[in-house]
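A single chain, nothing else alongside it, follows as structure tokens in the form predicted alone.
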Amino acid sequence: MKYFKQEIADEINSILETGIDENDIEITEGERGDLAFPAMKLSGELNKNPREIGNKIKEAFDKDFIKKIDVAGPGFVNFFIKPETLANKTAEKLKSDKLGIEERSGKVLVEFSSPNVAKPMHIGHFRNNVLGDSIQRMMDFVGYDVYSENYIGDWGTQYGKLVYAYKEFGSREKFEKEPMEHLYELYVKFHEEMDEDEDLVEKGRLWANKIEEGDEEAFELWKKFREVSIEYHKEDYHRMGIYFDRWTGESKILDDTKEVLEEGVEKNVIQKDEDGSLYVEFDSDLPATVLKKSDGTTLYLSRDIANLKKRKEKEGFDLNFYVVGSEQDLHFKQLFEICEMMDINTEGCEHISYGLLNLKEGSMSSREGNIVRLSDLIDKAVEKAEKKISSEKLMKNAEKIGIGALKYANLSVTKQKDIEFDWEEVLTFEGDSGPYLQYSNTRARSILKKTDEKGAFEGEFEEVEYSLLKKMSMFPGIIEDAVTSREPAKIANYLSGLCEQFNSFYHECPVLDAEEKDMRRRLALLEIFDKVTTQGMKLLGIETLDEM
């Protein structure tokens, strides 16, 4: 459909000598044809009545893919495309590897997930993981050279607290048996004890300083905690089908951080307080922020400045995406503004902010141990999928179905919106859901597997067939919109609507038992539907199934 929108826009520009583009051409339904141009947009510019403009377009328009043109209402120019032309062009575009999308170029880094050492990921991390993964898949599909990075939280005062807790309360036996369980237990215990003993904060800070200064005992414990945490997280990533091109972390940027802070002080962007701390004040309405504490420990923001500079100047990324929740909006505004004040190039750097995931039962707190673990979330989804599967033979699909349900529930919500987590709604397998996409795709494939016949667009389209064709022709434009807006929800919701139309087609139009021309035309539609839904689900990270 995108192809025809551009052709119509170009022809109107030729007729009226104006400058509209494909976005001015609207997709329509039913009696209004296939595409429409609201001539009212040019009324002021041309100083003419919209219907007069519309009639001029109708009389002069000369493209052989147009069946007819109507001018309706206050000045809508409705274009009816020849069905056979739409079918052939759609097949040509959608059967190609890249769906006819013009490939983009550039080096892209997508940073996402970024869990903290010594704490299991919880349900809030699920949205981050699947959003970042889908964005990297979309960027890769349209041609970018994409690198995914897991930049873990592995530095700072909290790890001094953990080292202290391990030495004070820890058990080597427990750590060797269940390392992550024991570390998280110590993390919670430290904060419980801290409420009773304020001196614990200082003790944790002292051990954090020891880590930063390279004290052998402190550093070795920190290193061991980091390694077991990464290994623990990898199991969750494997289950979700998420992999990273590189694992880094705050600890990997310490030397660069020292250099960039010195540079900031020299440029008089970063100020030094009497107590030795470093801070920045802004000319804008952003609040002042500390980059280095009086005890010499650096903060997260200072390390992000150094990391951004490294990515732009040493690694040459054209686009640098940070997939991080909206609670960090201020952080990234401060980060980008400080970099600009220091003449560090921020072009292409983007905070992809998303809404929070809230429990109906109340807020989560890692410190209080009040979290729903990501692994438990997946287990529960798989368990529910198993209850829906009637055949033991298909039980192998439970993991893919359960995780597909979770991914769709997160990705189908526009990223700026918060999600109130409800087990029943998130894990539904009915209607607008991941399993519904998987089922529709499997249903189409099952028909195609039953015949050696190949599809071909022959005979006249019935209304339900043409509606399905038209919906599928929109897919390349949907992907491009999703890439531009960094919004997987556009793909998820499109696929849901497409599957609704497919199932109407399925119930109204027999395929293998139809007359030959009807059968071949419908097989051609099924072939395209299979291609579109398979690729669409792949961009969301949802797996297709052979049987369901």
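Note that this is a predicted model, so its numbers are computed, not measured. Residue numbers run from 1 along the displayed sequence.
FYI, the form predicted together with a small molecule isn't displayed, but the following is about it.
Engineer: So which stretch, 284-292, 221-229, 381-389, 322-330, is the one near the small molecule in the model of the complex (non-hydrogen atoms, 4.5 Å)?
Structural biologist: Within 4.5 Å of the partner lies stretch 322-330.
Engineer: Find out whether any non-hydrogen atom of residue 111 is located within 4.5 angstroms of the small molecule in the model of the complex, and reply yes or no.
Structural biologist: Contact check for residue 111: yes, within 4.5 Å of the small molecule in the model of the complex.
Engineer: Quick one: does residue 133 come within 4.5 Å of the small molecule in the model of the complex, counting heavy atoms only?
Structural biologist: Heavy-atom contact with the small molecule at 4.5 Å: absent for residue 133.
Engineer: With the partner left out here, check for me: in the model of the complex, does some heavy atom of residue 300 sit within 4.5 Å of the small molecule?
Structural biologist: Flag for residue 300 set to yes.
Engineer: Does residue 116 reach the small molecule in the model of the complex, with heavy atoms at most 4.5 Å apart?
Structural biologist: Close contact exists here: in the model of the complex, residue 116 approaches the small molecule to within 4.5 Å, heavy atoms only.
Engineer: Exactly one of 75, 153, 455, 160 has a non-hydrogen atom within 4.5 Å of the small molecule in the model of the complex; which residue is it?
Structural biologist: That would be 153.
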